[in-house]
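Only one chain is included here, represented as structure tokens and corresponding to the form predicted alone.
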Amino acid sequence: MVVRVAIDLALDRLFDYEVPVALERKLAVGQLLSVPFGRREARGFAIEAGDAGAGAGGAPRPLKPVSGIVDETPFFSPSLLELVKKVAAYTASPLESVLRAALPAAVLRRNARAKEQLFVEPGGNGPAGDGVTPRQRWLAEQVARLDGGWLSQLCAELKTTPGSMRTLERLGLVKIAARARRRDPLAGRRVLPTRPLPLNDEQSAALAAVRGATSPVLLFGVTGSGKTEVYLQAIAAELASGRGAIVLVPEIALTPQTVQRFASRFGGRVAVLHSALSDGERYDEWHRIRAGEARVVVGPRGAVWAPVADLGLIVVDEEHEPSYKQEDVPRYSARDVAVLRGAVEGARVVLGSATPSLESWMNVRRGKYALAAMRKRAGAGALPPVGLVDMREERELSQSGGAIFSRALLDAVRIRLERGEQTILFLNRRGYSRSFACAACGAVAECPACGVAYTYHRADRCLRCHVCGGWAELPAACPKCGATSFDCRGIGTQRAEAALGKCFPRARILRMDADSTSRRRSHDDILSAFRRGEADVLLGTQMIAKGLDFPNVTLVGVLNADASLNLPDFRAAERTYQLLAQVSGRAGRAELPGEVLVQSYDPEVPTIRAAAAGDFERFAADELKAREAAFLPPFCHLAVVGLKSKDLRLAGAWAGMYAASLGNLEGRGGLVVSDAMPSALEKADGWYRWQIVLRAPSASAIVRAWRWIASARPVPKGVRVHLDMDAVSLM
């Protein structure tokens, strides 16, 4: 018997091994094996198994034997292995890289194991009479009453010591032994059970569409329309029929709230997978899923690979979000993998959004997806009116020529403070100011590794690069002219927080951005505090723009609606519309009416006006016309060939060579090849970056071109090259 193994190196090939007779009955596809590889012992996954002589190349030859089976329970089911192969082929990624992406690193770590602690259980009556003191008898009775428990917890609860418990064990009153103890991400959190809510007509129709779906369903529901309740009841139906479910959310910030809602409905059957968990928590949660103890999995994009057996439903909430795309190899889209997994495993797939991606919207028009629309809010709240504020009229409020808050927004915040209501302010730029410049000569402090302006962070008084993460101390004098005065240009969340505090000294303000959420569980802490009413204003970046539900929020303010419109990317208008519409939906979600104020320096832009009107279908129709005329997604597949080197000339030369070679293939399968050009972010972390954009009606035409160029023109040492299929950004 021969098994083909994917070794734990990204070699993009399988290796054949002989299966010893003693292991033949135990070995199964999907298991993690130990095999000899060169001079070391390697680990790899069994991908295929067959009769001897079926090895790669067909020529009989002696094969090294498999050393052992690391875990007899397969890590991958046959259907998950099929999914891995399809994703590797579609993204032109090494199979090994997709296998690694599909498993939490904590699960694959060589020393990974369940955590064991001492457990105390009742051990019978033990000796009678003078051999047992009343205190010992009472302790034994309490252990029996509690049906045992963890030694540390019982000692704390019964006010005793481990030594006293050991004495009870010697007397035969209890038994103490090591047991695996789950590291629970929800430990210490109060989860109150909830019951299904009555559905309105639109929700009932949407649920029926999901239950009867034979193709993916786009659940197009305005913010606050009750999409989550539809998800919950659809999952309940799957659980009742013995099947499991996966729920994907785009941001870790959304995970605590989503997990709370699902745990309230489904209790201990819910597992959570995301990068903010400890290694131990991820290890235990993944094994709970594999063992079938958890049937509902909630998490960001990596949860799409969760080993849920008998998968019945996959929900992709906020399906339009670019964070579903992995930016490292393998560069897959979790939304697209979810659709593919549904097809492989026969599971229903629901893509939910108030602002769908144009790709999903076009799939509805083409008949590939079914549409379930919910155009009104559930409950008492109505969609809030949106007011546009022309910031050109507010310039006189600031000596530096630009105001942070308009008079209308300050008045609206003041009213909410007086009423005891809450406000959300959205600014999609963290830090204090976007640049730190010399007041005399205008020289801007730049990151030497990236060539972009440092962002000034006032909280820790340093300059930080938001590309590579590097930092520098504040200069005492300008290195160019020696002047000692500096200007802070642009507005970040730290600066907005400071200015708001001056306007409203008594207001309780919480800031939520990448800087304030760096410690573990900080997302949950900030959102929980705001939900409890411990703050009046929540100021933050895009992590507060979607999926959050706060009944006391009646005002949403967008501080700079134009920021994302100016990015050099064909999706800039789509991203801007989605952000504005999503953050606007945080207001007025309960009985209290809401209001939204959008500050813009060009409020007549069609994208901003469409977002203010909440007219997605009109926006989509106009944008799709422009995309079709330019042969851009969703009317084609678009991929980026990225080349980078720390030598500027080498990067440019090889990019030009690749573009010329690929140009010879132009027209084959409808392939369109751009010129080689520096990336919009030309330098990052010391690497000079160039790119070539490929477009074609089918992904396979792009993959064929990529495989040819990668084989015919292998890059030299010092140059790195990759393919980003269905790229979500050209930055």
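In this text, residue numbers run from 1 along the sequence as written. As the structure is a prediction and not an experimental result, all values here were calculated from the model.
One more form of this protein exists, namely the form predicted together with a small molecule; it is left out here, but the text below deals with it.
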Open item on the list: Can you pick out, from Ser225, Thr258, Ser600, Thr493, the residue that has a heavy atom within 4.5 Å of the small molecule in the predicted bound form?
Closed with: Ser225
Open item on the list: Which residue, Gln326, Asn363, Asn200, Asn560, is the contact with the small molecule in the predicted bound form, using a 4.5 Å heavy atom cutoff?
Closed with: Asn200
Open item on the list: Based on heavy atom distances of 4.5 Å or less, which listed stretch (191-199, 569-577, 149-157, 504-512) is in contact with the small molecule in the predicted bound form?
Closed with: 191-199
- [ ] Spell out, yes or no, whether the shortest heavy atom distance between Gly379 and the small molecule in the predicted bound form is within 4.5 Å.
- [x] yes
- [ ] Would you check, heavy atoms only and a 4.5 Å threshold, whether Glu359 touches the small molecule in the predicted bound form?
- [x] no
Task: Any non-hydrogen atom of Glu345 within 4.5 angstroms of the small molecule in the predicted bound form - done: no
- [ ] Using a 4.5 Å heavy atom cut-off, state whether Asp524 contacts the small molecule in the predicted bound form.
- [x] no
